[in-house]
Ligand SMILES: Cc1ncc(COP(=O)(O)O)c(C=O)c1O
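Taking the form predicted on its own, here's one chain by itself in structure tokens.
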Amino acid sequence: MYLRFRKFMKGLSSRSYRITQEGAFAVLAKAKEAEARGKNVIHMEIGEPDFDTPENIKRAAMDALAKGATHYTPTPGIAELRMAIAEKVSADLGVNVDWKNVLVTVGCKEAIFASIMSVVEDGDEVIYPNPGYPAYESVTAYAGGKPVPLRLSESNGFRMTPEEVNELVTNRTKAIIINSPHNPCGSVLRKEDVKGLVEIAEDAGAFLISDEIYYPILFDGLKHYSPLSFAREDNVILVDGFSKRYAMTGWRLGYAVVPSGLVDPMTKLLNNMTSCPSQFVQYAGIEALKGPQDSVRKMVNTYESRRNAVLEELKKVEGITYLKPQGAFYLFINVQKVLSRVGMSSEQLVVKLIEDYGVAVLHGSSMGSYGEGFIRISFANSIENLLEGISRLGRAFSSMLSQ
């Protein structure tokens, strides 16, 4: 089969080599392989809520199925869901969103993909946070654009500041991508950050793509600020979804709020990609938005308790530095001292931690080149598992530093 395929290799598009996949899923596969061999592994690598989808949302899906909601819908989604999203976004952000500017997608990932593919042409520059969600860089390159990384650093709290962004803007800048609360660093943009970034994008004539999938997972009483609240021009694309706040990762339901001029071209792209999201899942989404929000508040409170417990346990671990995450459910840990001692990359370290110590974390380089020297811990797990996982990290690093 391989020999027969080789003669067709020259026919593959160069574009297919520019796109990458999420490292978290590759690490999860390695951890599962170790478990299949009998290894006990604590999972802190994957960014997925460990909670079940709330019962009222599941019931809404089952009721929709029972009523025959198993068919195609309009590509942008059913009107009832688009209206519910527009109403929720408008109320949360203090803006007036027209429901016809809401496009329902198969997960937030599709919203990101379709947004970038709809606005980026060959040679266009896209500024994005690095470390950051890998799709920003990957899809920009796939679209023929030039990814322009903005290096996030511990010194400024892993924030994407207007001053730093302004230094990267050129006459080729087509879009600026922001993510707050941030994956993998857990940082949250301040009000002045968001306002400044809106002004820069408007002055540059660029789109501002705001990935808000981790809203409202915020700690210590912090507030969320969206560029949609400050925009004077019709250039903001808000992407979001149901996966994180409603524990609906497997349901694959997201959305984008887009400028009026993007509605038609982006709808055509979505139509060619997936036709439409599942009909019964869209009815579950309506219930998620309009039903009780107690489960969301409970999950956020639980994440905050877990974060605090992890931070306390990390005080016992040698050779690392870290910042207190302000949102999402990740902690980005500087392990450069450990890596320099053992002569490893962060990816090699992750493999060793799985095989020798039974703890799975994510290598920082999977989140971009500037993530090298770090590991990401997800605290979307029980406190018992998290404390055991940190204990295993502590034993591993102590052993490596004493070599």
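Numbering starts at 1 and runs along the sequence shown. All figures in this text were calculated on a predicted structure; none of them were measured in a lab.
Quick note: we don't show the form predicted together with the named molecule, though the next part is all about it.
Contact residue in the predicted bound form, chosen from F332, Y128, Y133, F207 - any heavy atom within 4.5 Å of the named molecule: Looking at F332, Y128, Y133, F207 one by one, just Y133 meets the 4.5 Å heavy-atom criterion.
Option touching the named molecule, based on a heavy atom within 4.5 Å in the predicted bound form, out of V198, M160, I112, I177: Here the answer is residue option I112.
Interface segment, criterion being heavy atoms within 4.5 Å of the named molecule in the predicted bound form, picked from 95 to 103, 179 to 187, 72 to 80, 266 to 274: Contact criterion met by 179 to 187 only.
Heavy atom of Y214 within 4.5 Å of the named molecule in the predicted bound form: Within the cut-off, so yes.
is_contact(R252, the named molecule) in the predicted bound form, heavy atom dist at most 4.5 Å: Yes - in the predicted bound form, heavy atoms of R252 and the named molecule come within 4.5 Å of each other.
Heavy atom of S118 within 4.5 Å of the named molecule in the predicted bound form: S118: no contact with the named molecule in the predicted bound form.
Interface membership of C108, the named molecule in the predicted bound form, 4.5 Å heavy atom rule: Judged by the heavy-atom cut-off of 4.5 Å, C108 is in contact with the named molecule in the predicted bound form.
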